[in-house]
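The data below hold one chain only, encoded as structure tokens and taken in the form predicted on its own.
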């Protein structure tokens, strides 16, 4: 692997380290703060299960983060991750349990502004919604769970020594579950910006197991998280575990369990598939803030007790950190990208061109879009999504869905289905029938993404997305993932 690639990946490792230093407090802070679990034990358990969660279940939340903005150059990914890591590091130095999710979202928006890319408002509002829902949900889970646990322990009448032993074991178990959930949900924050430009390739282990390039990327990020846990997390653990509100060992266990459930709900592809198959509303797979989850759980228990022991001043400082984190990260990223591009001469983004060529104009007519209003833009080429959108808005008024369609059909993404590259594709993952449909396009070149998608759909129904319903959500996501794989694999330069 190129040394430059490794150098750029170091910012992801720095962000992973920062997350481990800060967010491990959300898993074991209450246990360490109440002196029920030693810091060394907490660090070992946390590190092991963070790695497992990241590698085995980390892909779900990364998908939504990628929709917010697709950082398409390695140097840009480096700076987005570095800006988020620097912001989290500053907050960690202050002892504040800030949100790594907010930091990376701010950094991606900073990159979008610098590159002229359009921030997906649907994805952004979905993420912002979880920032509100996450602490509320954690508090709603923690309060009744604490009440039920107290009732159970009162009726069980355990001996104090036995209760102490059970509580320590329960805290370690809860910490392991929380660490797994943290890895599964928050690895998207650490390495999500590198997914579109991942330098790793899939490889088979003993012909039985495929270790994907994304899993390799998540593995090194998870290891960095583990290093952060060991080297710098103790101060923040004590802030969460004792500073916000004094917690009993039982309350500490409830906080970790409530926090872990929330993170798991927003990261589990299996749960999403189960709900979708039953025709039920699904929970968005979003990298939520573990800091917000644990603070919400603590406040939930505090309010149940009357709110007298809550340190509102500390809560105010934490809240201020949550508000300022994405803003600081976005500004740092924007300014740093300017220096990286103009001082160090690095390509921090690849221009994505947009053009309403005849094929795209014909598509607009078929879709009932106001093609006549866009006639003056035909065959003009725009070097960014924001410039193209501004030109469209000068010509006509479009609703948000119409605007999204025009942007999609005008985006140039050249692909060439060459026999040489066809021999390298992962046919097991694509499936036999889909692979045959792709083989039938050998030698063809496409200008737009939708042209490749429609050509494949004409060859096989298995390449078609199903009508948008809750039950079909998971299947359509799989189709999109396979199409994205083809666009990356067969992409050619303009």
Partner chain sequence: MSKSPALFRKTRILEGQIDEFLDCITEAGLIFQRAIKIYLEQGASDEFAASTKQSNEIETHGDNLRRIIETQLYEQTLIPDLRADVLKLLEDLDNLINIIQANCYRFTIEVPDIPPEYHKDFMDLTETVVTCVDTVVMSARAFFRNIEAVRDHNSKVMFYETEADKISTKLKTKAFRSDLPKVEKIHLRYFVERIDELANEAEDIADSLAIFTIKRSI
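Here the rigid core means the biggest group of C-alpha atoms that line up within 1.5 Å when the two forms are laid on top of each other. All values reported here derive from a predicted model rather than from experimental measurement. Positions refer to the first chain, counted from 1.
Form predicted in complex with its partner chain: not shown, discussed below.
The closest heavy atom approach of residue 168 to its partner chain in the predicted bound form falls within 4.5 Å.
Although the partner is absent here, residue 359 lies well away from its partner chain in the predicted bound form, with no heavy atom inside 4.5 Å. Its partner chain is not drawn, but in the predicted bound form it has no heavy atom within 4.5 Å of residue 122.
In the predicted bound form, its partner chain lies farther than 4.5 Å from every heavy atom of residue 284.
Proximity to its partner chain in the predicted bound form holds for none of 70, 126 and 350, with the criterion being a heavy atom within 4.5 Å. A heavy atom within 4.5 Å of its partner chain in the predicted bound form is found for exactly one of 273, 150, 235, 393: 150. Exactly one listed residue, out of 313, 366, 308, 157, brings a non-hydrogen atom to within 4.5 Å of its partner chain in the predicted bound form: 157. Look at 48-56, 457-465, 436-444, 35-43: in the predicted bound form, residues with non-hydrogen atoms within 4.5 angstroms of its partner chain sit in 35-43.
Scanning 249-284 for heavy atoms within 4.5 Å of its partner chain in the predicted bound form gives just one residue, 249. With the core held fixed, residue 41 shows a CA shift of 2 Å or greater between the shown form and the other one.
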